[in-house]
Every structure is written in C-alpha cells, then in structure tokens.
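Given as structure tokens, the chain that follows is alone and in the form predicted alone.
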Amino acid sequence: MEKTINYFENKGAENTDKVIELVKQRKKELGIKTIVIASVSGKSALKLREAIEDVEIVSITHHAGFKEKGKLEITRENIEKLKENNITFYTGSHALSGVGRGISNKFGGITPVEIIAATLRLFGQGIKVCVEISIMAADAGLIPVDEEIIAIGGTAWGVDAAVVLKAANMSNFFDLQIKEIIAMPRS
C-alpha cells in the first residue's frame, strides 16, 4: 500500500482548510464514519461540518480553568451552533496531562503521562492532540474503539494535523493504534 502525507511548512491555523480537504478525501476513501476534532472555540468543528455532512463529528475542547480559573473558552453561542449542526460537543480534562500536570506544577518533576505527551510531540503538537482527544472522546463513550476514525488536532489555533487511528480508552492506552498520518507540519 502506498499513501502520501501532506507536510506543511508552518504550523497553525493557516493549514485548517487544507487539512479539512485532505480529511474529506481520506474519509471517503476509507468509509470513515466518525471524526473527532480539537476545537477550543468550536470554529474548526463548524468549518469541518460545512465541508463534510455525512459523518459523525465530535468536537473536543479542554477543561474549564485552562486559561482562566473556572471559565470555558468556548462561548454559549458557539456551543448552540455546534448542537444546531449536529456536532457532539465535549469538554474534559486533558488525557495526557490532567492531574499529573497539577502535580508537576506544584512539586516539580514530570509524570509518566507527561513523558508520553512529550514523546508524541516529537511528531508535533497537532499529532499529540489527535491522540489525546481520541482518548478523551473514547473515555466519554463518544467514539468507537473498535473501528478506525479520523482525529484532527492543531497547534494553538486552527488545525494542522490529522491521523487515521483506532482509539482506545485511557485504561488501555497502549491499545491505541495510529494507522496513518494524513497531514502534519514540518516545523
């Protein structure tokens, strides 16, 4: 089997449209039924829905307090737009940091989960995010763990990475399988 990977010169939001185009093509080729996307504001998830109508989309954002104590970064208005567009919305603690980061912040050092996250970042922040949101969605029961899905992640704003993977729950993390990299930044 021969497949191509799309590499971007730079990371970030400038790659969002191309990632969505590549995901749409790969979804069709593989018959993918579910896409999970990191979308803090909901905008990338809505853009994905505009491009692809015939797929289950799960939009993941991080926990309240990530930027400002006790507050989500997504607006109520955007949550309603996600619902209106038949996009499942989920907010939760990062699977690859969570309480571990709180321990490191308070006492120093690094936890094993943070080492896994740092290792995945060798492929870029977006690839790490793809794995992380897949675990979060699987743990919430929002995506299948017995079939291939597409996961879309990014670096700060927009999306710049996409993979085909078979998700796993946190308790079975090492059962997760990255099958293909669709796109990622080189930087």
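Remember, it's a predicted structure, so these values are computed and weren't measured experimentally. Just count from 1 along the sequence shown to find any residue number.
One more form of this protein exists, namely the form predicted in complex with a small molecule; it is left out here, but the text below deals with it.
Of the candidate stretches 48-56, 119-127, 141-149, 27-35, only 119-127 contains residues with a heavy atom within 4.5 Å of the small molecule in the model of the complex. In the model of the complex, the small molecule sits within 4.5 Å of a heavy atom of residue 94. A residue is said to contact a partner when one of its heavy atoms sits within 4.5 Å of a partner heavy atom; residue 131 fails this definition for the small molecule in the model of the complex, lying far away. Remark: residue 136 counts among the residues lining the small molecule in the model of the complex, judged by a heavy atom distance of 4.5 Å or less. Using a 4.5 angstroms limit between non-hydrogen atoms, residue 60 touches the small molecule in the model of the complex.
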